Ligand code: D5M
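Before any questions on binding or motion, here is one chain by itself as structure tokens, the form predicted alone.
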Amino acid sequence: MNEKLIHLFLKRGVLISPNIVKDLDIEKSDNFFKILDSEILSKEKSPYLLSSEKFNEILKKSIISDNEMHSEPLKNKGNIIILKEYQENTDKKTVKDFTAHYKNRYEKLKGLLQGKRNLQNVISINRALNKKQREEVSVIGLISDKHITKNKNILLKLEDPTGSISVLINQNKEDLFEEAYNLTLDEVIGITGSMGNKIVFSNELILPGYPIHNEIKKSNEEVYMAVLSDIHVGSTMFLEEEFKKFINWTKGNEGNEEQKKIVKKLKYIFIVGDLVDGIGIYPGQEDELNILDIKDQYSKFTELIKEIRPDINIIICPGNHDAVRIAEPQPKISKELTKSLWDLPNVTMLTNPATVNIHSNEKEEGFDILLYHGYSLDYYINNIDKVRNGGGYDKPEVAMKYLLSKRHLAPSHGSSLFIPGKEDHLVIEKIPDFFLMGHVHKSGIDQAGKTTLICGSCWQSITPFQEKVGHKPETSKVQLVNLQTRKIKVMNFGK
């Protein structure tokens, strides 16, 4: 049995002592290797030496995961498997919850960083502070402060559970300085450099990042998925005629002959938040509504959605205009408000964020899809030069790639309201095949390693606020993905 287990490690490029393997039962090893794949194989390094401490940590997680899975199986509805979603906890929140939240973030991202090249000999900040001057060190920490010094260098303050340390990035190291300039507070990074007097003079900065050479997964058959967001039913600016045109297309009543052939192979529609315009979202909103009751808004949305072919799976997460709290993670939209929507057999309701797997079968493992509405996008578009100068609101995919590199959906405290707890649910632990967002009312597409980034457009014409700030929405567009080729066609249902 040990030989079989060792083979499973070796084919993953993981080196391990045979003495450690005796503690792992091959019959119950599935969860162990799933966690190993997400925590170890996401690091761009092979072979990876698995320590006994890390082995025991993963083994403990796999036992907990196995118990949870047997007590509450993953939901599988219409070939939609929910891999990760938020479980609501109504306990009263205390300062300890904030501490646990950031400690959990640190531990998760530290796990992603530790296997990186040049972070093999990482030490705690407390140990680094006791190193001699000019001695080389590697540390991992959360950025608690960042500013430009009077000499125009960047000074970071990094924290880990053992202490804090200053890190200086010299302006003469242009590439490193530019990378550091676009760091954001509260993200977790790795630093290598030489010690000064209680300070690290950095020569390399390492982000959790994502593998750039992974093979892009493709389906064995020609199957399509479509991405939408920001429908805003209930708004006087909701483009109902255009949305109905899309609905008719899904039934084969719109488009040319080629499009009618393609739509027969459409199996999945993702709607990434803001199904309705909501009530009381901003001052004076009632003047811009033609449906003044939230239940009626959802009833109208359901009336439209139920016209979609019943064999098409519809996967939905909430957004900041939906009838859920604005703080993230957001729970599923209330069944009490949307019973008729929940009752549709082809609809799967999710939290925000959530990760699902689609189109798995005996021959293929399917595609992992990360959905996040994108409330944090405004912060990074407005505050990070790399994102703002890379296109800002007109190119939301730049911000999406930025967040994926941080492996967090809203790393900076204040970039999005959040609910603290024992786990930070906004960490991107496993790299998905697709990363879907919305919120900014602009269509965006890009590729980051094996991950396809898609930001949905919207179905609401320009609002007075958008007009005031010069933001021009991109309306009535649908990204249609061929899962066999991974090619994307943008369909325009506008006038």
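Position 1 is the first residue in the sequence shown; the rest follow in order. Because the structure is predicted, anything quoted here is derived from the model rather than measured.
A second form of this protein, the form predicted in complex with the named molecule, is not displayed here; the remarks below concern that form.
K.L.:
Counting any heavy atom within 4.5 Å as contact, can you tell me which stretch out of 422-430, 435-443, 448-456, 29-37 lines the named molecule in the model of the complex?
P.N.:
One stretch meets the cut-off, namely 435-443.
K.L.:
Is the named molecule in the model of the complex close enough to His321, Phe465 and His471 that every residue in that trio has a heavy atom within 4.5 angstroms of it?
P.N.:
Contact check passed for all of His321, Phe465 and His471.
K.L.:
The named molecule isn't shown here, but in the model of the complex which of Tyr393, Phe367, Tyr268, Tyr210 has a heavy atom within 4.5 Å of it?
P.N.:
For this set of options, the contacting one is Tyr393.
K.L.:
Sort through Asp160, Glu328, Asp230, Glu397 and report the residue having a heavy atom within 4.5 Å of the named molecule in the model of the complex.
P.N.:
For this set of options, the contacting one is Asp230.
K.L.:
With the cut-off set at 4.5 Å between non-hydrogen atoms, does Asp97 touch the named molecule in the model of the complex?
P.N.:
Answer no; every heavy atom of Asp97 is more than 4.5 Å from the named molecule in the model of the complex.
K.L.:
Answer yes if any heavy atom of Glu204 is within 4.5 Å of a heavy atom of the named molecule in the model of the complex; otherwise answer no.
P.N.:
Glu204: no contact with the named molecule in the model of the complex.
K.L.:
Would Asp378 count as touching the named molecule in the model of the complex under a 4.5 Å heavy atom rule?
P.N.:
The answer is yes: Asp378 has a heavy atom within 4.5 Å of the named molecule.
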